[in-house]
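Consider the single chain below, provided in structure tokens and representing the form predicted alone.
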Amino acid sequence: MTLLKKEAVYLGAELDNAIDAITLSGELLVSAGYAKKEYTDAMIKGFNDVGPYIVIAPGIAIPHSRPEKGALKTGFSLVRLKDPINFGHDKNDPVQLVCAITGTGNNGHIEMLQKIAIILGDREKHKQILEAKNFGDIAQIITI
């Protein structure tokens, strides 16, 4: 069973700022049944409290929160921004891919973070995701 769900992918999002991007990625988690709305609120609070630590590599942000903040299942959402936006990170801005993750249990979100980081850290897969035309293309690239 794949963790990639069509309702959790949005390609070509036109957003103005990091909060909008985190909000959309969280709404997709909720739509896919991976999280409750309060998980999105917790991701936004984490960003506001701690800053752009979620921008883990050039052009890539991975919003997340603790499982007890509303995670229902292990999963992720993917938002590809039409135009990259700044999250306030010194080295890795601007961001074009926002991949929110959820996980259950003590290490669920860490395991999901590791899986997503491996995929997005692969230069060829990263390039393919940026060029994908539709969900079918993404499903061939992300197979977790």
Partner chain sequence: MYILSVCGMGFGTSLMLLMDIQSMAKEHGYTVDGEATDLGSAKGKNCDLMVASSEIAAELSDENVPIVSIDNLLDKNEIKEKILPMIEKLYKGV
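The shown structure was predicted, so the numbers you read here are calculated from the model rather than taken from an experiment. Residue numbers count along the first chain shown, from 1. Definition used throughout: the rigid core is the maximal C-alpha set that superposes within 1.5 Å between two forms.
The form predicted together with its partner chain is left out here; the points below concern that form.
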Q. Does each of 12, 70 and 73 have at least one heavy atom within 4.5 Å of its partner chain in the model of the complex?
A. no
Q. Are any of the heavy atoms in residue 84 no more than 4.5 Å from a heavy atom of its partner chain in the model of the complex?
A. no
Q) Closest heavy atom of residue 28 to its partner chain in the model of the complex, within 4.5 Å or not? A) no
Q) Wondering, does residue 80 line up within 4.5 Å of its partner chain in the model of the complex on heavy atoms? A) no
Q. Does residue 48 reach its partner chain in the model of the complex if we count a contact as any heavy atom within 4.5 Å?
A. no
Q) Is any part of 111 to 134 within 4.5 angstroms of its partner chain in the model of the complex by a non-hydrogen atom, and which residues would that be? A) 113, 114, 117, 120, 121
Q. If we fit on the core, is the Cα of residue 114 displaced 2 Å or more between this form and the one not shown?
A. yes
